[in-house]
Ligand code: HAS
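Read the single chain below, which is given as structure tokens and is the form predicted alone.
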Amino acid sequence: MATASGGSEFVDKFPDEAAIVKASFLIAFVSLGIGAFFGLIQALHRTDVLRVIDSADYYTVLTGHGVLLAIVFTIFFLCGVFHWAIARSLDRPAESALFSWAWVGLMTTGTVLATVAILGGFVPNLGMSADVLFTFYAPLQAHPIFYIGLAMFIVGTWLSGADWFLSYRAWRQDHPDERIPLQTFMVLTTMIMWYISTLGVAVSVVFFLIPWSLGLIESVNPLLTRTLFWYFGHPIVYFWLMPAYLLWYTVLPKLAGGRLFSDPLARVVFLLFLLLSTPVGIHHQYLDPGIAEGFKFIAMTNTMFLLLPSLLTAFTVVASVEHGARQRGGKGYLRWLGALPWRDPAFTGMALAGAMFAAGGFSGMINAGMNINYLIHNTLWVPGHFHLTVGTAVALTMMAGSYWLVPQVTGTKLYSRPIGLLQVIMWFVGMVFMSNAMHRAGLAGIPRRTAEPQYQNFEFLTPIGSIFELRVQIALGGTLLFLSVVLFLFNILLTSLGEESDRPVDSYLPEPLSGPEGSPRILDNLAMWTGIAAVLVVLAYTLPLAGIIQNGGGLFGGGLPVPATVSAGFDLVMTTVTSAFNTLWGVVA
């Protein structure tokens, strides 16, 4: 327990775990600072407000921005939150602190290698670059160190999941009949999804991109590496979101003054993401001619089912927050909103992030529809969408949640709540400006992924406003977002360096209004749900991948034939899947 004079119960009880969480947060926040600076350069360069780099270097900046924020910042923060959640909810330390430090070290080494390769693009004489953007599939090629770093990073995340599963196994031996604690359930289902989804990018990096970049093979099949990336590229969106969901479900209700509305609904949501997030990646490839339209239609249909867990989350979280407001004296249909703790930066930031996520869901439905997607696919609409989702729902939740979490793992008091409140509001306002302008610019046809979005002898037209106004909004929004990150890092740094809190840090999380006892125990059968998720992936991807390999020049492109052993293997897989499906259909029928 925390000492009577102050400090943190978590630090006193789990000092090794607190150190792991702090190390993960440190790397996440350093990556956030660098990535945000790159984002500011992009925003000012594209809008032609201020250009401090050559347009050729823009793609180095763009790659650094995407990799450091969308991969390093989010996943290192996730590892910190999940390590805290496992120790807290199971009430036991990790089985081996040395093993925990091993995955932190491996992920850190991978991050350094990939970052060095990216930054090498600024030094042409170095002969090292990785201007392949966040979507690092072929035909763009990076230096081998970039791919090797990514491979090490992914393996590190696999080891982190193994660490948490080992803790769960030890806990289960001591508690054979108990329900899985909710936070642990969230961590384990998320990691199962991650194991399934990262198989695609691991195969792409290890068997194709690394040998290709080393010159061991002459070519690769670009569509195959692209499809393997998006096999991983869509579920990573939910991998980003799951720590935010964990905080929304378990911490936000407490900050609001109440309790989680329903533990069973939370479990159902995470299981739905486990089942549905991976088989839909082809909806990112509507414009790829090498994939049959029928498979794209199936992916579109499956994607629409993902609205269900999002809508369930909206209901459960809002109901939990409303319960807290009414516990604080809130009345009426909407007047209860005024009773919420809006001066608390942790609550306000997470609440604003949730509201922005709803807007991102609406624009996401446009992305998911085949016919409408053709209009906006290669435009600035798409960055506008994911800056609402990962850029706000995830990033703002992580920053706001840090105002509550960092004192938990340091035992210090938050340096400044007013600065924290200003920071989260500044992020929200900056994103409103930038994302709104990006969506409208996309409807005007302004392209993404380019340093020079204007064309000669051509003018983009907008139904409302002007192109100049959109550029001003993007530049203003990007500047506000960068300043918000500066405030955040300043506040967190001084919090971490501060003295121990005079009073014990409040770490109590109340039990849900509706506990796990009200739900069927089959929800906790993780082996069964894993099997179902794997079957759905096989059904969704076996035929498209076989077609890509058969019609796209083989495994390695360039018209190279498929090796006989690989061809036989695919025939065996197809025969097995068909036989299993026929058997299952016969049983059901």
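These numbers come from a predicted model, not from an experiment. When you see a residue number, it is the position in the sequence shown, counting from 1.
In what follows, reference is made to the form predicted together with this ligand, a form of this protein that is not presented.
- In the model of the complex, every residue of the candidate spot (Thr313, Asn367 and Thr389) has a heavy atom lying within 4.5 Å of this ligand.
- The closest heavy atom approach of Ile376 to this ligand in the model of the complex falls within 4.5 Å.
- In the model of the complex, this ligand sits within 4.5 Å of a heavy atom of Leu307.
- At a distance threshold of 4.5 angstroms between non-hydrogen atoms, Thr135 is in contact with this ligand in the model of the complex.
- In the model of the complex, Val317 approaches this ligand with a heavy atom inside 4.5 Å.
- Comparing 190-198, 281-289, 84-92, 166-174 against this ligand in the model of the complex, the single stretch with non-hydrogen atoms within 4.5 angstroms of it is 281-289.
- Comment: this ligand is not present in this chain, but in the model of the complex one of Ala266, Val394, Met438, Cys79 has a heavy atom within 4.5 Å of it, namely Val394.
- Interface residue among Arg417, Arg259, Arg449, Arg328, judged by heavy atoms within 4.5 Å of this ligand in the model of the complex: Arg449.
- Counting a residue when any of its non-hydrogen atoms is within 4.5 Å of this ligand in the model of the complex, there are no hits in 488-527.
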